[in-house]
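The data below hold one chain only, encoded as structure tokens and taken in the form predicted alone.
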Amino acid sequence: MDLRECARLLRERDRYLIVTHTRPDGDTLGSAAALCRGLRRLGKTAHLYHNPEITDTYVPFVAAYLAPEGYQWDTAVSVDVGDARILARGFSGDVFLMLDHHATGEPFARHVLRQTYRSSCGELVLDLLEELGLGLDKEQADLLYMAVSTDTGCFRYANTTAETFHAAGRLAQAGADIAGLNKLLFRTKSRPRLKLEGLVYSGLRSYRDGALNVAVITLEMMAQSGAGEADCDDLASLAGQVQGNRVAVTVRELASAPPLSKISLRTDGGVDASAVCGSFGGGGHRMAAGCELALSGPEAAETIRQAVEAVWA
């Protein structure tokens, strides 16, 4: 499906429920809320599924779009969800339309618009709103800037392209609060987050003369620092800041009984992150992917390290 076909479908349907992914980030939430606002501007009834894992950082951006209790929807649209297994916790039902930019994961909706060359789902939604004939208002510009900037690490990650900067420029022209959003999303950290970063750096493990770096965030470290879910945005960027890094592994313990750990793998392209994580049931992009393992943090870290070493020429 292309943008024109997708826009036609959206015009034809109504009573939308827009669904995000588990542990929602700025891209899934910003893109979903911007689309929701666009559909409302078309005269449609549209709400966001009340994802129970939305953190305090993002609540102010999406609160006005969350579905009221008892809302009866006809058309579910997933945004930035690469696989049905990571649809927001508690959601059930058939997804009519899937909007995504991930290179892996099985399509699960009746209709699919997947553009894997995009740095973020925010870029896709930006063009889709224009295809719908809607100019952006400031609120949509803010939401989509949040989406694009968070998925590119404020334009520092390797997925950033010329089109990404072009999209950011269009959002700035539409009134996005670039300075305010950058300060909130990238230059403001709680004291518990700063303590957690200190623990991560002090326990960082390096291999291959610093080319491979592994960070493990245990439940004990979370408790020691006093950090909560809202303090865990972009932890995956820390290990990659080591000089000479080419592959960064970040492991975060999610549960202890039974054990469960979330893995984020980022590379310079020499190792295919999506292939490594795909072998454990995850996915993503060549240079950024993730998965979950039913192991403790240290055990998961060693498992992923060995998997990376096995394919690293």
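Everything numeric in this text was worked out from a predicted model, so none of it was measured. One rule holds for the numbers: they count along the sequence shown, beginning at 1.
Form predicted in complex with another copy of the chain: not shown, discussed below.
- Although the partner is absent here, F165 lies within 4.5 Å of another copy of the chain in the predicted bound form, judged by heavy atoms.
- The closest heavy atom approach of F91 to another copy of the chain in the predicted bound form falls outside 4.5 Å.
- Although the partner is absent from this view, E197 contacts another copy of the chain in the predicted bound form, with a non-hydrogen atom inside 4.5 angstroms.
- A residue is said to contact a partner when one of its heavy atoms sits within 4.5 Å of a partner heavy atom; A179 meets this definition for another copy of the chain in the predicted bound form.
- Comment: another copy of the chain is not present in this chain, but in the predicted bound form one of A84, A158, A103, V112 has a heavy atom within 4.5 Å of it, namely A158.
- A heavy atom within 4.5 Å of another copy of the chain in the predicted bound form is found for one listed residue only; from C232, L204, L134, L219, this is L204.
- With another copy of the chain left out of view, the stretch that reaches within 4.5 Å of it through heavy atoms in the predicted bound form is, among 170-178, 103-111, 75-83, 118-126, 170-178.
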